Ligand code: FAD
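Next up: just one chain, as structure tokens, the form predicted alone.
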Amino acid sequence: MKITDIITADRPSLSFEVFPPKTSDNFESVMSAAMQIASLNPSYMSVTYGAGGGTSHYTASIASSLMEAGVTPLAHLSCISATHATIRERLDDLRARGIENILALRGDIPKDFSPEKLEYHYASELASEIRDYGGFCIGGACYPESHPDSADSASDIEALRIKVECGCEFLTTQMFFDNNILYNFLWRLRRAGIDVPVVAGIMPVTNAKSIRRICSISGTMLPQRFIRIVERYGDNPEAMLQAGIAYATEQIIDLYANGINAVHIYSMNRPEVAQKIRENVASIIA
């Protein structure tokens, strides 16, 4: 099933993300977590793609297993360290497995970045290639607070417009912790004529140290009331888990109430987090 059909349906959607292991030693534990999350009957599940494509075979394998379990998979695919030949191989593999949905990403720029040696520079180039290959529903990423590499908000919106013109049929946001930021971002998208569906990405924060690191990389702003939660409960793992899930649930309910029907949870391979979120909104998305 295509993601666009899922996220544009009248019923609110709730999806989850899993990420492959860095080494084969952890594959079974990650697969177990993915299957536990799949048992929650999510609208779909995305599977991330390791830096440099190092875990690409795990991405396809997990996505295939999710499909066998009856869950629609969304396979991530990044291009910054890839060649046109390797991207073609990935697309051939995904098609052979029956996977229909791809999230087209640039990926993190390698430390030894040398522009003249790269065959891809932007996610829009990858989206265009996937579109020309045919047969896939293509998604793209977006940043409500602008991509860290964008010069300003206007250039960021322009880059998204190009990405959509190159084949992206829907967008999934980076995490945000203030829904008003998303609402303003959506207004700017529509004003620019970008009318593809947008999936709101929510991260339940269960670890204070990790969220500070992630936010420093992504440029995500932490509202003062959220900072107070982290400061108050960050040193108490059980309390931080409960508070983080409660905060995320509040965000999700507000999004649904304001007509944002597609919500994606960055569940960090934690079935217990996914299950609690699912339970908290069960009647709302029924």
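Because the structure is predicted, anything quoted here is derived from the model rather than measured. Throughout, we count residues from 1 along the sequence that is shown.
The form predicted together with flavin-adenine dinucleotide (FAD) is left out here; the points below concern that form.
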property: 4.5 Å heavy atom contact, residue 186 and flavin-adenine dinucleotide (FAD) in the predicted complex; result: no
property: Exercise: residue 86 in contact with flavin-adenine dinucleotide (FAD) in the predicted complex, heavy atom 4.5 Å; result: no
property: Heavy atom of residue 162 within 4.5 Å of flavin-adenine dinucleotide (FAD) in the predicted complex; result: yes
property: Residue 90, heavy atom within 4.5 angstroms of flavin-adenine dinucleotide (FAD) in the predicted complex; result: no
property: Three-residue site 15, 44 and 65 fully in contact with flavin-adenine dinucleotide (FAD) in the predicted complex at 4.5 Å by heavy atom; result: no
property: Contact assignment for flavin-adenine dinucleotide (FAD) in the predicted complex, among 104, 205, 202, 94, heavy atom within 4.5 Å; result: 104
property: One residue of 130, 141, 137, 198 in contact with flavin-adenine dinucleotide (FAD), assessed in the predicted complex (non-hydrogen atom, 4.5 angstroms); result: 141
property: Listed range touching flavin-adenine dinucleotide (FAD), judged in the predicted complex by heavy atoms within 4.5 Å, from 94-102, 149-157, 190-198, 177-185; result: 149-157
